[in-house]
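Listed next as structure tokens is one chain, alone, in the form predicted on its own.
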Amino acid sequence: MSDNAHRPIGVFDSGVGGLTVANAIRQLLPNEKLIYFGDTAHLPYGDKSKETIMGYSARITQYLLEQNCKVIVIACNTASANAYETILAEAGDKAMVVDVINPVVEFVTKEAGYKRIGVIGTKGTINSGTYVGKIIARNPHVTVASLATPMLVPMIEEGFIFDDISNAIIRSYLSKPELSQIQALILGCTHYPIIKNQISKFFNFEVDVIDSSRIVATHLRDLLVSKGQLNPDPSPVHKFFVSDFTEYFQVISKLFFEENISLEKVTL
């Protein structure tokens, strides 16, 4: 076992959505200590420029490195699409980096014989073309249809879930012709697992709805095993930081992480 095994895992997102990834990691790797950073002062990332997202991501990565993290998990599709190389460079040989796009691309191009795949996400993620480019590069015989669904994040964060309003918004997006005849739909935003069942129901459960959080957690586990860095210590204490504190974030975070958490504000 490496001496690095006892170091924590850093997870960051623009806000609350990355807690779905943190929760999946907690369930799959119960001995790992998590340090979560939600950049709530700057959310949403989806409508920011690439350069701005790179700047935010670099500062957060530096903060997580200062916390001695052995892995930086980019639990944000927009940051993964626009700042992955920046974060790799920032981390250098001090920490491994895991994003939420590459493991999913590997999964959908290797695990199943999909011919037509859909992707939904923020404008920043979809406009980057990252999912389309990476999937086609691995399997040029696949057709990838992408659609920006910018209303879904504020809908979820305002608590419109499992009701007529959310069903109407979901139906409006998913009924667009771009997503016709798809066999799988990648949830290209870490908020979206919260409404996975509603999305599956829209497609009459005939489309494979791909939730990145479990795939990323599995990829992380395999990485730690290969490097001999699984933490053997039981009962880890997790820490949660935000760049701007709101009571609402405290309340909604339980929906994403499935337990009460205590938030601490940090100004970067």
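Since this is a predicted model, take the numbers as computed values, not measurements. Quick note: we count residues from 1 along the sequence shown, nothing fancier.
Form predicted together with a small molecule: not shown, discussed below.
Contact between Tyr45 and the small molecule in the predicted complex is found at the 4.5 Å heavy atom cutoff. Taking the partner from elsewhere, Val153 is found to have a heavy atom lying within 4.5 Å of the small molecule in the predicted complex.
At least one heavy atom of Cys189 is located within 4.5 Å of the small molecule in the predicted complex. Thr130 falls outside the set of residues with a heavy atom inside 4.5 Å of the small molecule in the predicted complex.
Note on the interface: of 176 to 184, 194 to 202, 87 to 95, 74 to 82, the segment with non-hydrogen atoms within 4.5 angstroms of the small molecule in the predicted complex is 74 to 82. Heavy atoms of every residue among Ser14, Thr122 and Thr125 are located within 4.5 Å of the small molecule in the predicted complex.
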